[in-house]
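We begin with a single chain expressed as C-alpha cells, specifically the form predicted alone.
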C-alpha cells in the first residue's frame, strides 16, 4: 500500500489499483450522514471499520454530540500514520478529536470483543462484500461476521456497509442475520454526481 501526492491531491494505491482519492469522497460522507441520522442518541457510541482518508470519521464527528464516543478500527498502521500526518489536512485532524479512540486491529476482532456496545457500526472495508481486493476480508461480511455485528449492536442500532457494487446475496445474508434492511444509492461526488455506490443500512430490531 502506497500514499501518493500530487499538489493537494492524495491517492492510496495497492499495486496498480487505486483504492481511494482525496478528490472523491461524497459516498464516504454519505455513509456517515445516513448512519448518524438513524441514531436515537447523538451522544452514543460508534465503531468505524476502515479509516481510509478519514472522511467518514470527519463526517461522523460533525454530526454526533460532544459526549459521543467513536472507535476507529484500522488494520494498516501506515494508514493511521498518514491520517495523523500527511493527510490530517484533509479531515481536519480528526484523529486528534478527544471523542476518538483508534485501534490498529481487524475490525471483526473489535466487533467480537463486546456485546450490546454500539449504536452504530460503519464498515468501509475493501470494496465491500463483493469485488474484494483481499479475500481475507470476506469473513467480515460472512454470516458469522454479520452475527457478530448484530450482537455488538444495541437494540435499534444500525450496521451501515459501504459497497462498490450491488450484491443481492449480501442483502439476503443481512436479513437472515435478523436485520431490517434498507439499501441506499450514493454518489462518489455527492450532489455533484459521479460513480454510483451503495450503502446498506441494517437495523437491529
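Note that the coordinates shown come from a computational prediction; the quantities given were computed from them, not determined experimentally. Numbering follows the first chain given and starts at 1.
Same protein, other form: the form predicted together with a small molecule, not shown, and the subject of what follows.
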item	value
Heavy atom of each of 52, 75 and 107 within 4.5 Å of the small molecule in the predicted complex	yes
Residue among 79, 95, 117, 71 with a heavy atom within 4.5 Å of the small molecule in the predicted complex	79
Contact assignment for the small molecule in the predicted complex, among 140, 174, 64, 160, heavy atom within 4.5 Å	140
Proximity of residue 1 to the small molecule in the predicted complex, heavy atoms at 4.5 Å	yes
Residue 20 within 4.5 Å of the small molecule in the predicted complex, heavy atoms	yes
